[in-house]
Each structure stands twice: as C-alpha cells, then as structure tokens.
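Only one chain comes next, encoded as structure tokens, the form predicted alone.
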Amino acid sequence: MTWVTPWAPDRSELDSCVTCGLCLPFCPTFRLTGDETASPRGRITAMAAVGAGEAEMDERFFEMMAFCLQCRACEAVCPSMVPYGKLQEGVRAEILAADPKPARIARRMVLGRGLASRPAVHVASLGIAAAQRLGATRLLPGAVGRMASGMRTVPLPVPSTLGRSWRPDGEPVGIVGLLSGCVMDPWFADVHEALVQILRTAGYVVEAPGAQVCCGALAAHDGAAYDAARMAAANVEAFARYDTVVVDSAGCGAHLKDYGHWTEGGDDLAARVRDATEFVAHLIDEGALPTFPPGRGRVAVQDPCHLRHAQRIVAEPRTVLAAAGYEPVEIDEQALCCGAAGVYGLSYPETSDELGRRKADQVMAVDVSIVASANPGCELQMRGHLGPDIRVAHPVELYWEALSGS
C-alpha cells in the first residue's frame, strides 16, 4: 500500500530494526502477554509488511498498534537506535487517515482540538472542581474513577500562568520561558508555582508567553498528526525569543524535544528545551541554588517513561531530591511503565490497572511515605493505586519546600 501522510513510517527506519530481541524484556506489553505481536519487534515487522503491501491495514493491525503504551523503553536499549516512538506516531497517523471511525474522530477532537482550546480546558476544569467539591468523583467507575481519585483538588478560580511573568528579587541573571501546558496549569498549579519560585531564587525572569498552546503530545500519540503539527508550529513561534524553555511535565518535554520532525524550526526549539529537573539540577551543580543536609526522609523515585527512556534523564531528579535533603530510594531498575500512558487507561483499563498495581507494589515494598514523579499522568496513576496515605509530588515541589523552609 501507499502511505498517505507526511509522518508515515520511513522504510529505512523500519529496516534499521535487526530483530535482535533485546527490547523484549523491557516492553511492558510483551512482559504481560509473552506475545510477539505485543512487542516492538513484532509491531515493526507488521508496519513493514503493511508498508510493503504484504499485509492489510485491518482491525488486527490497528489493535497491535493501539495496545502499545508508547513508553519508548525499547529505544533506550536498542543497539540499532530504532526511532520507535516516531514510527508509532507515524503509523497511528496513517491509521486515522485510512479508517476515520467515529470513535477515532471523537478522540481526535478531544486530544487534537479540545486540549488546544484554553476555554475548553477551563470549562472542563470548572466541572471537575465542582464534582470534587460535591464528592461526585467518588462515584465514577473503573479507569475513569481511578484517574479522578488520583487528581489533586483543582483550585477555584481555575489558575493560569498564560501571559504572566515573574522577576527575581535582585538583578536578573537570565530569562527563561515556561511551558504552561494544557492540564498542568489548572490541575498541577503547585508544580508551576514551585518551579517559578525556584527559578526566581536562582535569579531568573520567568515568562509564560500567552501565544503558546498545548504541546501536542497526546494528539501525536493518538494519530492526530495534523493537529500536533499545528500546535508545534504555534509553540515554535511563541518560544522563539527564549534561550531556554523549561518544562515540568516529562511527557511534554519529551515531545518538545522531538519537534524536529513535526514542524519547520522544531529542531531549534528542541535544542533549547530543558526538563525542570534537568535545569534545576544544573543550577544546583553550578552553585546557583543551595543544597540542604540530609534528614527530610526517604523518597521513592518513580521514573516517568518519557523522562527516563525518551529524554534519557535519570540522575537529575535524584540530584534535586538529594539536594533538598531527601534520601532517594530506587524501586525499579528497569523503570517499567506505570500504565498511565496518557489516555491509555481508557482503552485498555485492565492492562493499565495491572501495570499501575505492580508499580504501587514496588513503592509499598520500600516503606516510604512520599513518591517523587515528574509527570502528571504518572502522578495520577500512582495516586489512584496508592491511596491518600502516600504523598505523590514532583521533585521540584519537594526541593521548593526545602528552599522555602516549609
């Protein structure tokens, strides 16, 4: 068959997979099922067969691709450096173009258009805030209920950083752009606040340009490629004046660093993007931010897939936690996916729940009262499975508490 979108899987990239199988032990869906079709190697073989016209793009093919969590753990261990995440996004764009079923169109409208609409996100956040205060979220069933139970309380009025700027108390040493994100603003305002105050303390002016939009990660992961490209182009323009763009959502940061194949100028912006833990750890190492003596307790470190596997950031969250006076505690050397994976839990609730339960068991096994996670979806998943007795917080929040003396 002939691929029809600009993001279609590239034959040379497909052929770069030598089917060695080193990825298999690191793939969560293969680990759960033992099924070759649920492995990166199996999925790439299927993509190549469809692209060559040797297999049909049928429901079985759709299911093979959709079952992937897109955690990119395979990329981190692949000796051939196969760009698996890019291949998955490309093939999902082809699936949406080839078979625009009502359910897929609806998802595209939510992920590709709804999240990019500030008014839509604001209205949805107001509804969630009202439901939380009425206790209605406890009545939601299944995966939706677990996600809702893992949410922080949405503040009223619903906060926004868009168009705002913050200055340090003294003479500025630089200026950075802040990615507001789509749900980070209303649902994780405390993370933004902690990051902004840390950067102010280090002497930076922080600006959240009002022209920015959702990063487009969820749209890209679901095949809404044209929407993802449109959002990428808007953000390239919005952040053009900043030498550094700081992101406190691991999934958003990973996607911004992959902007090169989404829009013109994407590579330039990608080179200027820094994860919050990456940038704060750098400031700590440079002496621009202080370190605090041990004594604040033990913290389990949950590595978001798009921080560890996609961005290859491992040491930095631990540096931030140790600088805050915490003892980082390891729970999973392979950093297997927690099962959040954006909206994956809505399509595969049993798989998502099983992976979340396993991650929660790893936390419970090390006897801690705090888990550090640098991604909103992972936090929701961990909260939903751990319950209220174990706190889940972003590493920069924990550092800001030490810095502010709280």
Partner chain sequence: MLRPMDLIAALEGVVGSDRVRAHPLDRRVFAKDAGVKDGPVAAVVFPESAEETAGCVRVARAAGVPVVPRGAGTGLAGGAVPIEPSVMVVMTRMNRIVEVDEQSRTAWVGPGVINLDLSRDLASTGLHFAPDPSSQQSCTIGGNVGTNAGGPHCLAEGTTVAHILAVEMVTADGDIVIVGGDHPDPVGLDLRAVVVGSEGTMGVTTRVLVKLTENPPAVRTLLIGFATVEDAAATVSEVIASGLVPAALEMMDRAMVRAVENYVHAGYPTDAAAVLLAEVAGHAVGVDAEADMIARIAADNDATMVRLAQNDAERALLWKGRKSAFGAIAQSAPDYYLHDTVVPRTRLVEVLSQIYEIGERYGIALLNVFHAGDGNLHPLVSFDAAVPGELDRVMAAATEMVRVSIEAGGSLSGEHGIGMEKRDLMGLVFGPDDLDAQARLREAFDPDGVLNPGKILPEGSRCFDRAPTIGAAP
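Residue numbers count along the first chain shown, from 1. Fair warning: this is a prediction, and the values are worked out from it, not measured in the lab.
Another form, the form predicted together with the partner chain, is not on view; read the next lines as being about it.
Open item on the list: I'd like to know if D367 sits close to the partner chain in the predicted bound form, meaning any non-hydrogen atom pair within 4.5 angstroms.
Closed with: Result no; D367 lies far from the partner chain in the predicted bound form.
Open item on the list: Just checking whether R357 would be counted as a contact of the partner chain in the predicted bound form - the rule being heavy atoms within 4.5 angstroms.
Closed with: No.
- [ ] Spell out, yes or no, whether the shortest heavy atom distance between R391 and the partner chain in the predicted bound form is within 4.5 Å.
- [x] Judged by the heavy-atom cut-off of 4.5 Å, R391 is well away from the partner chain in the predicted bound form.
Open item on the list: Would you classify G387 as touching the partner chain in the predicted bound form, given a 4.5 Å non-hydrogen atom cut-off?
Closed with: Looking in the predicted bound form, residue contacts with the partner chain do not include G387, since no heavy atom lies within 4.5 Å.
Open item on the list: in the predicted bound form, does each of Y226, A233 and A271 have a heavy atom within 4.5 Å of the partner chain?
Closed with: No: no residue has a heavy atom within 4.5 Å of the partner.
- [ ] Spot the stretch among 344 to 352, 48 to 56, 375 to 383, 359 to 367 with residues whose non-hydrogen atoms come within 4.5 Å of the partner chain in the predicted bound form.
- [x] Of the options given, it is 48 to 56.
Open item on the list: Between A323, I95, A76, A124, only one gets a heavy atom within 4.5 angstroms of the partner chain in the predicted bound form; which residue is that?
Closed with: For this set of options, the contacting one is A76.
Open item on the list: For the stretch 58 to 76, I need every residue with any heavy atom inside 4.5 Å of the partner chain in the predicted bound form, listed N to C.
Closed with: Counting only heavy atoms within 4.5 Å of the partner chain in the predicted bound form, the contacting residues of 58 to 76 are D58, R60, F61, M64, A76.
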